[in-house]
Ligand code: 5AD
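Coming up is one lone chain in C-alpha cells, specifically the form predicted alone.
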Amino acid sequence: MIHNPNREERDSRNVLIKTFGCQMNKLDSELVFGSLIKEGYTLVTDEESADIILFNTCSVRQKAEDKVYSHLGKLRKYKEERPGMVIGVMGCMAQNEGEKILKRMPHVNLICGTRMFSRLPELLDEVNGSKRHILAIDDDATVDFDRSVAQRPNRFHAFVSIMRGCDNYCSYCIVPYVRGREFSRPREDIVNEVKGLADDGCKEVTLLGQNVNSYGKGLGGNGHFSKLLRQLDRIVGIERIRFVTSHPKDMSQDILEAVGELPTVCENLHMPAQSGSDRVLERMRRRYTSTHYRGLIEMAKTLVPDITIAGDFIVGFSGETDEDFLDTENLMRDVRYQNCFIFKYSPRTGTDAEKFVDDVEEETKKRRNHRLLELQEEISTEENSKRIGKSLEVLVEGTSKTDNQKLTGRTRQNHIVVFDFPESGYPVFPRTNGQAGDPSLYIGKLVNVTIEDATDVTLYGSMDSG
C-alpha cells in the first residue's frame, strides 16, 4: 500500500537535487524536478532547507562513485539529527550499485534506477514518514519522456533527449549496463516537445543521446538523425541547435552536411576519440581506426569551415605503451581540439575490460593525464587567440559568476565569452536615469561581441553597440 500524504503535508516538502556527471543526468534531474513540482514539492538549493536530498549520480568512473559516497557519508550525522529527512540516490550509480549502497550507507532511504525516475513522486510518497528502504531498479521499465516545458533551470535553453541507452559495449564502459539498450523517441514526439519549448521562450536546445548518430533505431526507417535536424531547423523561435554525443563509427556525411547547411545547427562537434592508437582502440572495442577518425575530422572541417571539435580521451588503458600514448598526443596536435575531457582509466566492474590486467602504473597514468591536459591547454590558448579582434555572435546566458557587472554566454562554436555591455546602453534596452540598462535584460538575447583577449577556457570582450 502506497502512502499518499494530503496536499498540505506534501506542500511542506522541500527537495534538493544534486546532479553529477553528464548532460543526460542534468536532463533527468530537470524532468524529476518538473514531476515533483506538479505534485506540490518545492526545489531548494541548500541542505539546511531540504526535507529530501536526492543525488543524481554517474558511474562511468570510480572517482565519480567515490565522490557520491563521500557526500552521502557527510550526511550520516545530519540524518541522525533530522531522522525524518529522506535521502535518495538516483541514476547510473543507483542502477549499478543498487543494494550495495544501502548496505554501505544505511541512512539512505531510496535507490532509484535509470529507468524509474518518472516514478519518483510515487516512490517518495511510499518512503515518506517511514523508516523504509526502497530499492527501485527495473531493467525493463519504460522511460517516460513527458516534461513540463515551464520547469527548467534556464528559460532560454533546454536539453532534449532523442534516444537513450547504448548498444556499442565498448570494453571499458559501464553505460550499456546501467542505461540499457538503445531506443529512439518518435520524431514527432521530439518535434512537438521542441515546439512547446520554443513557445515557452526557449532559444537553444541541446539534443541528447549516448550516441545521437544512431538515432532512429527501432523506428522502422523513419528516424535518421540528419532528417531530425532538418525538421527541427524549421521550428520558429529556435535560434540554435546543439547535439551530444557523436560516436565516430556512426558519423556520416549527411549529418555533417546538415551541420554545414542548417542555419540553426551550431558549428561544434563533440566526437570522442578515446585514443589515437589503433591497437588501443581495438582493445577498447571502439570499431574504428585512427585513420577513419582523422578522415571524419577532415570531412567536418571541409563541410563546416568554422567548426570546433571537442573530444574525450582515456589514458592508461590496459596495455597502453609509450608508443600508443604518443599516437594519442599526435592526434590531439593534428585535430587541434577546442577542448577535451581527459581521464585516467579505472576498471569498472561488469565490463569486459575488467578481465584485462590493469598494467599501467598509477604514476604513469598521472603523468600521461597531466601531459594531455598541458597539451590541450596550449592548443586551446592558441586557437582561442585566433578569435581576438573578431565580432562573434553570443547567446547571453547570465551575469558572470566572478563579476555581476559583466555578462557571459556562448558562441555558436561553444566558446565561453565574458564581456562588458555598452555604457551607452543597447538599442533594445535604452538607458534609464542616465545608467546602462539592467544587465539581466540581456539574458536570452543574441548579441555581437568583439573579442579582446583569450585564455584556454574563456574569451573576453565588449558587446558591440551598433
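Owing to the predicted nature of the structure, the values given are computational and were not obtained by experimental measurement. Residue indices: 1-based, along the sequence shown.
As for the form predicted in complex with ligand 5AD, it is not shown, yet the points below apply to it.
For the chain shown alone, K67 is not a contact residue for ligand 5AD in the predicted complex, no non-hydrogen atom being within 4.5 angstroms.
Taking non-hydrogen atoms only, F156 never approaches ligand 5AD to within 4.5 angstroms in the predicted complex. Contact annotation: S346 falls within 4.5 Å of ligand 5AD in the predicted complex, judged by heavy atom distances.
In the predicted complex, Q274 approaches ligand 5AD with a heavy atom inside 4.5 Å. Residues within 4.5 angstroms of ligand 5AD in the predicted complex, judged by any non-hydrogen atom, belong to 309-317 and to none of the other stretches in 77-85, 309-317, 197-205, 391-399. Of the residues given (I416, V60, I37, V44), V60 alone sits with a heavy atom within 4.5 Å of ligand 5AD in the predicted complex. With the partner removed from view, the residue among Y172, F225, F117, Y337 that has a non-hydrogen atom within 4.5 Å of ligand 5AD in the predicted complex turns out to be Y172.
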